[in-house]
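Heads up, the chain below is alone and in the form predicted alone; it's given as structure tokens.
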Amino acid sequence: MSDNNIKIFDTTLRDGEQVPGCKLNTEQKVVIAEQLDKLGVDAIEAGFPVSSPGDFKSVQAISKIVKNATVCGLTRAVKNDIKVAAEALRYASKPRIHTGIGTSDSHIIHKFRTNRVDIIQRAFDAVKYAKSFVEDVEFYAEDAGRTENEYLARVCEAAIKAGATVLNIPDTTGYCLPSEYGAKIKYLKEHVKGIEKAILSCHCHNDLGLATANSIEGVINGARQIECTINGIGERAGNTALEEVVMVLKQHPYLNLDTNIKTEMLYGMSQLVSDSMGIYTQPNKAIVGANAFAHSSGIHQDGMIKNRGTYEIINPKDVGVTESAIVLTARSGRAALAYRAKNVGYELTKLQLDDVYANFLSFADRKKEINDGDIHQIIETSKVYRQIISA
């Protein structure tokens, strides 16, 4: 596989499911996992097997049905966690155990109440034990975003020495600026002994709205896996949105970085996850939101009607959306009204349009959005209606 290929690690079914009220049953998880496999993700984090019998059952069921992607189970750096994950993954054709521990001083002092030397040993032992069950072991350095780089490099070296194939560098609190996160990945790429034996992975949270930017900066600086979720769902303010990073890379070919994702499935995948979890996707959500390809400003609509490229950098069909929408509101202009009127069967001259537009504005001031039925009513109640239908 080309070094320019960015692996997509989807954690919708693990980190994404940590959203309050979004618990999925095994059947729902299996349906989503099958679609993620068809979408082209490289790895599916199916759950945290030791956390509950239900999660164990889901990881096991997903392991049996996924045909192409690696199936991954999360663990803490605890022997029983790792053993249970290995059991849940035993039917997977490509199993991966994802184990790790917090590495920032905040986690070491306040969470684990230990020291840096002990954390390195725990990291080594966890990876070594996981390696006794599966070949593919991913190590996460929780709160790596706030971990001092030189110490983080030492932890990563221990994980590689123990057999880690992937090094996850999470910005767990979403604190890093893109330049800081990119510099961290670059530092590890240049200073970790044996780094050529492992893939660096970005796992960024969105607490400051920087998850996508940080992940992109990470792969620009040498990471080759992005951990993300459909719709960006996840703990607190969410995770890196799969659809965003995939389309950023696709729309910037000069980066020479690509994924295996079938982008025309993105909108349908978004809808499936939203419906299954019962979680509302904001209308202005990038790529998959209801308004992502909708235009209501008169200036924008005029440009769109003349040439789509004036206000859209993505062809909606590339992400599975049928077409752009020209939405009629009180902010719309004559060009948009004429365009929508033509779509429902009315060819208006300039003088007719002037009269109909005045009637349209009085309707639009009373309604938030004008639909096709309203257009018929607007034209039928205009002074030039008979002239229009007799043309």
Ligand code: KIV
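Throughout, we count residues from 1 along the sequence that is shown. This one's a predicted model, so the numbers in the text were calculated from it and none came from an experiment.
Omitted from view is the form predicted in complex with the ligand, to which the following refers.
Looking at residue 74, you'd find a heavy atom of it within 4.5 angstroms of the ligand in the predicted bound form.
For the chain shown alone, residue 203 is a contact residue for the ligand in the predicted bound form, at least one non-hydrogen atom being within 4.5 angstroms. When contacts are judged by a 4.5 Å heavy atom cut-off, residue 136 does not count as touching the ligand in the predicted bound form.
Looking at residue 172, you'd find a heavy atom of it within 4.5 angstroms of the ligand in the predicted bound form. Of the listed positions (295, 154, 98, 122), a single one reaches within 4.5 angstroms of the ligand by any non-hydrogen atom in the predicted bound form, namely 98. The single contact residue among 259, 168, 221, 301, judged by any heavy atom lying within 4.5 Å of the ligand in the predicted bound form, is 168. In summary, the region of this chain contacting the ligand in the predicted bound form, judged by heavy atoms within 4.5 Å and restricted to 266 to 274, 209 to 217, 137 to 145, 114 to 122, corresponds to 137 to 145. Of the residues in 13 to 38, those that come within 4.5 Å of the ligand in the predicted bound form through at least one heavy atom are, in sequence order, 14, 15.
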